[in-house]
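One chain comes next, on its own, written as structure tokens: the form predicted alone.
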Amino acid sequence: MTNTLTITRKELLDVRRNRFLLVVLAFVLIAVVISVVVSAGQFRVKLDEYTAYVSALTASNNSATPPPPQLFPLQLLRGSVEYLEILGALFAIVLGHGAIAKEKQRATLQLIYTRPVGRFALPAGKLLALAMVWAIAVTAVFVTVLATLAIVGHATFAAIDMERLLITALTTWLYLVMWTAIALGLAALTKRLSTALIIGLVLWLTVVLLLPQIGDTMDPDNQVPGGLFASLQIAKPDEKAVLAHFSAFDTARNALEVSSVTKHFERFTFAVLGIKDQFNQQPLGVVWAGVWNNAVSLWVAALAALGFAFATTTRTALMRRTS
């Protein structure tokens, strides 16, 4: 335990001296703030259009006034979550890779292993430090998002909204730690550091971008803004009847999507935040009943990534010379 904490302190000092992390955090903060501002602006446009429409109805002596558009602040976080799932995963890979790469490049591993270091002290110490770093980063991001929603969106938050934000923040933290553990394990396992980084980036490209995008493209309801069935004014029962004729296709499409852990992360956080209309303003118990399988899949993937990092970050693998 003492060795683990010593390595944790060393890693935290290294991170504190690393300006790259501060640049990355600033970049992510700017991205999520812009996303919230743009979403709030789009809602104001809808509200102005509604006001103009109601004024036109009043001028024509028409008393049939449609309900005004409602602002659900947490739904404005769709873009922010997407930035975190894509850019966050990429930066997590770079951070995890760097935790091992610097030791190999500086030849400090030989010094570390001259001491009686435990079997899992090195991976445990580094992962603990990086998990703390991600906890600080995620807290900073969500506090910034909360402030932006309050200032720009003039939003007020109930206790349930804070619970939803906390669950989303914890899920985001777990997702980022998972990618960091994968990158750390790859850097320890492969003989060349460049090979580990390339594998990590290919994995990120496949899991985060390609598989979810292919699944979304195969969904016909995503090909029209607002949804194909909604644009055709097809009711939900009729929509299900239509899809029943393409059940094999839809099963294959969904299987392709859920093969990506990023899609599980997205579906769970979108449901918790109410970004998906079917879960908007629903109790958390109802949300959990609908997406518990996505949460379990994410936890299994995270535990597998941690197990991979511990299993591969061995003295033998780390001391292997590069060719």
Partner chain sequence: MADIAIRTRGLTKTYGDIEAVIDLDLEVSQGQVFGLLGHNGAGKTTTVTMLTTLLEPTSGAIEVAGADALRSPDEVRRALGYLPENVQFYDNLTAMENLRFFAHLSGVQRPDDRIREVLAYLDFTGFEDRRLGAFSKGMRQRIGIAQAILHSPAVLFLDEPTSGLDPEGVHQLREVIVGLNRDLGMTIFMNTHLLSEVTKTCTSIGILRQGRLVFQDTLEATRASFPDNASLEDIYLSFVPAVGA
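Here the structure is a predicted model, which is why all the values come from computation and not from measurement. Positions refer to the first chain, counted from 1.
One more form of this protein, predicted in complex with its partner chain, exists but is not displayed; see below.
- The listed set Ala304, Ala311, Leu13, Val23 contains one residue whose heavy atoms approach its partner chain in the predicted bound form to within 4.5 Å, identified as Leu13.
- Mapping the unseen interface onto this chain, Ile112 counts among the residues with a heavy atom inside 4.5 Å of its partner chain in the predicted bound form.
- In the predicted bound form, at least one heavy atom of Ala107 sits within 4.5 Å of its partner chain.
- Interface membership of Val117, defined by any non-hydrogen atom within 4.5 Å of its partner chain in the predicted bound form, is confirmed.
- Heavy atoms within 4.5 Å of its partner chain in the predicted bound form are found in exactly one of 196 to 204, 98 to 106, 177 to 185, 72 to 80, that being 98 to 106.
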